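So this first bit is one chain, no partners, the form predicted on its own, shown in structure tokens.
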């Protein structure tokens, strides 16, 4: 059932809220500020047809393009952040499990050449037993600059187990969604008597992969891009539907939140941060979103929909926290980008799903809004 055009701002029963099913491939890696597969699936099924191209210009961990492929659409995802691009590409490139596990076996046969971790960044050493770290560094070297779909899938799985608390997580017990501060992790481990686990890294990759692949893979491939959202090098009028969640204004430090993952991929998070737009300036954020929406408008087909999921945030000022309704803030840029504004859908977030950050008060993000636009 498609939602009918309503008033500019509306609260309606949200049909995706009751859908708890997630295909196992969605669990490759946890990443903060990702919308649920059920939301992506709802808009895909109701606003596109089989065979259509569905696109997310801020694809994060690749939820939308994967969900599009699972529902017989062609999923495209784009993200300028290196780790997000790897996660998206891993989900849209159709791999053959048998060949992947042969690839892992070959990787294991090439390992054993690292004898010392003496030169490794001390901040990285906080997380890993020396035996485990040697294997991680070997895989880091073996996979460096490798672009085959099996190398990409391996990198993505490693990003998902590089830190966390599962039986195949490689680090001290810590968050699986973001790379924590080494100082905090060290103090917490000492206080609670935690020991760095000794892992066979290839076995951990294999076990994690078996879980992710147990429900199969999509029957065809999508595409992953690694462009700035303001300059996406894909054809005009080529996309049938856009569903996306851009960076939230004033709150998320995406590069630092993934600093350990960037290290594994061979990047310094400070260099990655220069590629991203993290700003407390409403003017700069507005211009960034205007330029990004112009690109969304350009690639979208006439008469097609664009859904932008964005949260209310609390901006710290000298006078205290100020709540910013980001969706309403962006409305003034919609017409300039070329879109027709239809309405805003309000999505209240349950306590357990709220996003927390040092820029927020203890309540976290309690409200997300979905801008409904049409070309």
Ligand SMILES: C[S@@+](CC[C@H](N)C(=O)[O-])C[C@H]1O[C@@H](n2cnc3c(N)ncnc32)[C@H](O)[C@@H]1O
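Treat the numbers as computed from the prediction; the structure is a model and nothing was measured. Residue numbers count along the first chain shown, from 1.
Keep in mind that the form predicted in complex with this ligand is not shown, yet the notes after this line are about it.
Stretch-level contact analysis of 223-231, 142-150, 115-123, 188-196 against this ligand in the model of the complex, using heavy atoms and a 4.5 Å limit, identifies 223-231.
Although the partner is absent here, residue 178 lies well away from this ligand in the model of the complex, with no heavy atom inside 4.5 Å.
Using a 4.5 angstroms limit between non-hydrogen atoms, residue 339 is distant from this ligand in the model of the complex. Residue contact with this ligand in the model of the complex: residue 254 places a heavy atom within 4.5 Å of it. Using a 4.5 angstroms limit between non-hydrogen atoms, residue 170 is distant from this ligand in the model of the complex. Of the residues 344, 70, 33, 53, just one reaches this ligand in the model of the complex with a heavy atom at 4.5 Å or closer; this is 33.
Of the residues 210, 290, 275, 111, just one reaches this ligand in the model of the complex with a heavy atom at 4.5 Å or closer; this is 275.
Along 50-70, residues 56, 57, 58, 59, 60, 61, 62, 63 each place a heavy atom within 4.5 Å of this ligand in the model of the complex.
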